[in-house]
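Heads up, the chain shows up twice below as structure tokens, two forms, tagged structure 1 and structure 2.
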Structure 1
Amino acid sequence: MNDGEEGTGRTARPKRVDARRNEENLLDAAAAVFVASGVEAPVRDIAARAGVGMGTIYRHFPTRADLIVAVYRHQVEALAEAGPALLSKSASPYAALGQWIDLFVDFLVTKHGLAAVLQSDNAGFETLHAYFLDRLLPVCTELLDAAADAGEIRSGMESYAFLRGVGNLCIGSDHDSRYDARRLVGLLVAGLARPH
């Protein structure tokens, strides 16, 4: 056995298509449960939603932190892929931007528990944050630029400031059920529109 394989009893090889699809389904289920119930939701709820046994989840993700990080990365990738897809099929670039921001808000709801779970691993959290910025800032820039080029929004909105503003509006929903982050973010997106 090679050093890199120690303890696994198998060689590293790419996952089969069906294995990747199963893992993606599991991560989608975990994300949905995290959005509804927070990152401390019981693993049995995730297993039930994914239609798998709890052993399957623990086999893929031995700790809750492993699962949360995997969900985080999975959602970042889904958001990164959604931007261009929405741009190509939406009625307008501004509509695509609004739909993408709705997905981003859902992601932020899931992400809020991440810091508490990973607080003992600051380097790991910093790595994830850099990954988040590297993947999502270009997508947001593309959406903002397309809407500005189409004359639908004011030009000059910087993607980092915009995403930071959306994130700040989402923070209030953590502790107050009356706080409607999605409504406030909708007002922010509406405020970008050029007056007609």
Structure 2
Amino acid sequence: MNDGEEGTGRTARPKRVDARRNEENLLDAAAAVFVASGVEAPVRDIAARAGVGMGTIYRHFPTRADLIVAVYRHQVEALAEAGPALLSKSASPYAALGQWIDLFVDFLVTKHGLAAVLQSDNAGFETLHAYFLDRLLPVCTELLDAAADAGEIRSGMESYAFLRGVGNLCIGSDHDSRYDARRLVGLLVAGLARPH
């Protein structure tokens, strides 16, 4: 997992400098292209932008999903860490849940096409799907459980389905000013609240 800056291991031989440079260029280029043309931009565009060939991109990132994961890894990690933090700072678990969902929606809505790709059943995006689930599902489960234990929401809500539902609601929220994902997610979270 740690393919970080320093090759500290004795047995691990450091990567060649051109390889490291290309990987960085690729990440920058991908981020730029994703912003400009969305996450589903052709791989060739990213390679061209980074000034490398097709082979290079696929050697560093075996599949598109890996590249996407690498580009957004920092933000997803931050999101995962924000969950417990909100839970301890907020007035109630339900409030923390709402705030965390807001962060999640803000993240998805600002990434062209990411929400759409997250639920795509195209083989090759399983890695992406798995990564998001791996990092965010436990956090979401914790928030939901806390709110349920506090009696603030209906019990029995599967966190997996809930997370996917929120993600789905974010699809297409770019390029359509008439569609406000935040509003709908707000409705969903409101619907989750225990009726009284």
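None of the values given here were measured: they were computed from a predicted structure. Each form is matched to the other, and the largest set of C-alpha atoms that superpose within 1.5 Å is called the rigid core. Sequence positions of structure 1, starting at 1, serve as the residue numbers.
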Structure, 1 versus 2, that is the form predicted on its own: 1
Taking the rigid core as the superposition reference, indicate whether the CA of Arg182 shifts 2 angstroms or more between the two structures. no
Yes/no, Ala96 Cα shift of 2 Å or more between the two structures with rigid core fixed: no
State the core-superposed CA shift for His129 between the two structures, in Å to one decimal. 2.7
Please report, in Å, how much the Cα atom of Ala29 moves between the two structures when the rigid core is superposed. 15.1
What is the Cα shift of Val39 between the two structures once the core is superposed, in angstrom? 6.6
